[in-house]
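For reference, the chain that follows is the form predicted on its own, supplied as structure tokens.
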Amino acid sequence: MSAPELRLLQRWFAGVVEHPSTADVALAESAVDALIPEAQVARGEILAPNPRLDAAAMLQIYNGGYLARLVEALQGDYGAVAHVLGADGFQDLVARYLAEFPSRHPNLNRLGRCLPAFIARDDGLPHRAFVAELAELELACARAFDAPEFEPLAVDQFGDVAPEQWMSARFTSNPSLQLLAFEHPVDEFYQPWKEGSPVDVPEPLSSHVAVFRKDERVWRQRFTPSMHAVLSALVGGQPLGEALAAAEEGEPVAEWFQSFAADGLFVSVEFGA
């Protein structure tokens, strides 16, 4: 029998290697068997015979290695999620995720972009609601790290701008900034985990976090609801005067704005007429 065409062979091999179970299960799957029949593989017509391993065992080396490599890659971005689920639980999660979102890009940084949403609808996952939000925080950190370069706005260079002009100022935020609202105190869990002193999964409690890059490092800043509302308004393009009005009366909004600027959260400003 003539050898299969290269493209067909590539599709068959990918189907075996990417299968979430094992190589022998993959070989028997109808979609894989339709490309190259399992019997043809067993007869040694596709892989050269090996005195120590049959075809399924040889293919299992690649099948197992493929999943292990992608688990390792995703654990780099979702280490806290892996800690909560445990090694076996995280591997099972990744296997289910890859069945729906297989790796299709040479840059593995993109592999886990859909994981938080996948976790949110993954029935039966322990602490699912919390883990989904924890994954969202970890994804925000990865995105901040990979965000485009930017030059923070130096607000102190506008010393000659009148106070009333500042009230009409509209700001552009730096591309790494992400504002997150959670139903769980995810950062209160994440920080101890980062420091090597993990705590128990917390009970639900609303929280607000800003994630951004500053001085080549990714930072997380916990905000009160009012601080979050003010910065969200600024990021959304509202003029400074209107954004500050989102705070409660008597809150130190001027200090907040100075803190936002000092952290490099803005890259440009336009003043109204």
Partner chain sequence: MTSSLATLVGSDLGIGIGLRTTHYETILEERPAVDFFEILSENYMHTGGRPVRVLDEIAAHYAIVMHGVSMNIGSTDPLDRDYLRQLKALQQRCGARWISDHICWTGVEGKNLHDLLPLPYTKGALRHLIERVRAVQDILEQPLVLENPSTYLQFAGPDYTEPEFLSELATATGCGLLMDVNNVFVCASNHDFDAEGYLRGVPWDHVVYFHLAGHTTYETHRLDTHDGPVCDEVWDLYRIAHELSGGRSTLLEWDADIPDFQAVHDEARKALRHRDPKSTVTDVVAASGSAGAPR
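All values derive from a computational prediction rather than experimental measurement. Residue numbers count along the first chain shown, from 1.
Note that the form predicted in complex with its partner chain isn't included here; everything after this is about it.
Proximity of 10, 62 and 69 to its partner chain in the model of the complex is complete: all three residues have a non-hydrogen atom within 4.5 angstroms. With the partner omitted here, the stretch from 86-94, 99-107, 122-130, 192-200 that lies within 4.5 Å of its partner chain by heavy atoms in the model of the complex is 99-107. Heavy atoms of residue 261 never reach within 4.5 Å of its partner chain in the model of the complex, leaving it off the interface. For residue 228, no non-hydrogen atom is located within 4.5 Å of its partner chain in the model of the complex, even though that partner is not displayed.
Contact check for residue 150: a heavy atom falls within 4.5 Å of its partner chain in the model of the complex. Contact annotation: residue 248 falls outside 4.5 Å of its partner chain in the model of the complex, judged by heavy atom distances. Only one of the listed residues (42, 31, 53, 205) places a non-hydrogen atom within 4.5 angstroms of its partner chain in the model of the complex, and that residue is 53.
Residues 213, 216 of 207-242 are found to place at least one heavy atom within 4.5 Å of its partner chain in the model of the complex.
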